[in-house]
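First come two forms of one protein chain, each written alone as structure tokens, so that there is a structure 1 and a structure 2.
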Structure 1
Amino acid sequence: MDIAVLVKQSLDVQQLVVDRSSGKIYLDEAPTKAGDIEINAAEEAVRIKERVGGKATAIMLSCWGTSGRRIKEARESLTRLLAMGLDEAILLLGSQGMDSYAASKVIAEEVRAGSYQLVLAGEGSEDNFSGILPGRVAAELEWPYVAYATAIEVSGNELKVTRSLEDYDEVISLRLPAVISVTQEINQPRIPTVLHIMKAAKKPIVQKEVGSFSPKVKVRELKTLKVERRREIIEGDLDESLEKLLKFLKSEGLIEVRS
């Protein structure tokens, strides 16, 4: 089985600094990384390969510019995925203004150029979490798409996918080729050893410029959220911190306390 794993180079939102008073969002300063759920997707690809044989390739589209630093971060993320057991990686150098329409055109073109039968992706990217891209890629390829997989069984040309919706768990049967998005719960990704990482440094990462598809969506503005938190830390011994907390809650009119 020839598997492609779609990996977004996401902005690390945990480390993203926003200054609420000036409204500045430090996008360029924040690091990027492969999204956690895409790491689950990569793990699943390796497990499928271990069961039925084949090859797995990471396809990463850079969305936060192509500066030296961004490329270095992308290659580091890809090396880690290779160390987990993927065979090859392709780094597509995209532009920062790309929307999901343009991104899926670029990705589908890359998938078509290979001989993949299965495309795995995450249920949503870490920075945007719209969960739209895998469906767009599937439609572009005219392959069936099943989202939110929590288990994937392969037998020959058939897939049995268990997936989790808000109100139901479903088991779906379909034929390859297909696009599947996975959730974080599908597996526990392996942690590559230093030795694996050193070996992975020898595996190929092919870097490519991509075709230009003009985006349809234009981001006019990024605004910080208005909410300002007090960030008060309540200290003291147990009784004292209890009293302080209750006093605060009372002053906010949130509880009534008899003293």
Structure 2
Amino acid sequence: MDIAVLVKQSLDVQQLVVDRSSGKIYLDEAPTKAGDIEINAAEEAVRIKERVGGKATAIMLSCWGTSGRRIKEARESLTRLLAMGLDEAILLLGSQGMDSYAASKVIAEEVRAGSYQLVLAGEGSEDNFSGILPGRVAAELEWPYVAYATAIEVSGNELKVTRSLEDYDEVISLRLPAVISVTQEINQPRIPTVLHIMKAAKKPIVQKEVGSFSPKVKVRELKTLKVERRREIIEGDLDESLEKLLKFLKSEGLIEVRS
């Protein structure tokens, strides 16, 4: 089975720099990475490949232009996925400002050019977690789509997928080809050994500039949310302070005191 794993070159949100006074987010200064849930998708692709054979390919769409730094970061992320056991990687260089509509067009075009039967993705990306893209790609391909998968079993051309919904798990079956987005609960990604990392450096990463599709939606501005704190100060000795704190929390409806 040939499997494509969709990987977004996401901002590392843990390293974002924010101007607290203006709310401005300095996107260009933040490094990028493959998202954690997309790493779960890559791990699942390797596990399926190990069970049923075939090939697993990472497809990363980079929308950060063609600067050397961003391409270097993308290739480093892909090399990590290759070290986990993926066979090859494709780096698609898109234009800045691509929305999920344009991105799905580009990715679906790349999937059609291959011989994939299964496309795996994370349930959401690391930086905006919209969760839209896998469904859009499936719509472009006219393939069935299953979201929030926590287990995937393959039997010939049949898939048995367990998906986690809010209050219950649902087990469904479908035929290939298909697009499936996974959650972090589906597996524990392996940590590549030094030997695997060295071998990954020799695996192919095909780099392509992709066609331009006009976005339907343009992001005009990004700002952080301002959270105003009450700055309530409770003074007194320990017993007095605790009594005041409990009284305050009760008055705010945050706790309920039962006799």
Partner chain sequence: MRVLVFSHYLDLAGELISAGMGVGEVSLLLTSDQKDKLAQVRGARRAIVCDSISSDDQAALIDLLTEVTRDHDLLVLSSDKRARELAGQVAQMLERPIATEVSSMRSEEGKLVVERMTLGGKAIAVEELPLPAIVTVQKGKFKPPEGPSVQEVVEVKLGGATRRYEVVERRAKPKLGIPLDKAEVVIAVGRGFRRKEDLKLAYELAETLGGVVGCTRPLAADLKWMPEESWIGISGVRISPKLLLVIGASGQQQFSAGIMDSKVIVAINNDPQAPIFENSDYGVVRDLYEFLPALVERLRR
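Start at 1 and count along the sequence of structure 1; that gives the residue numbers used here. This structure is a prediction, so every number in the text was calculated from the model and none was measured. Rigid core here is just the name for the largest C-alpha set that superposes within 1.5 Å across the two forms.
Between the two renderings of this chain, the form predicted together with its partner chain is found in structure 1; structure 2 comes from elsewhere. Remark: with the core as the superposition reference, the CA shift of residue 234 between structure 1 and structure 2 reaches 2 Å or more.
Annotation: Cα of residue 243 displaced by at least 2 Å between structure 1 and structure 2, core superposition. Residue 207 is not among the residues whose C-alpha shifts by 2 Å or more between structure 1 and structure 2 once the rigid core is aligned; its shift stays under 2 Å.
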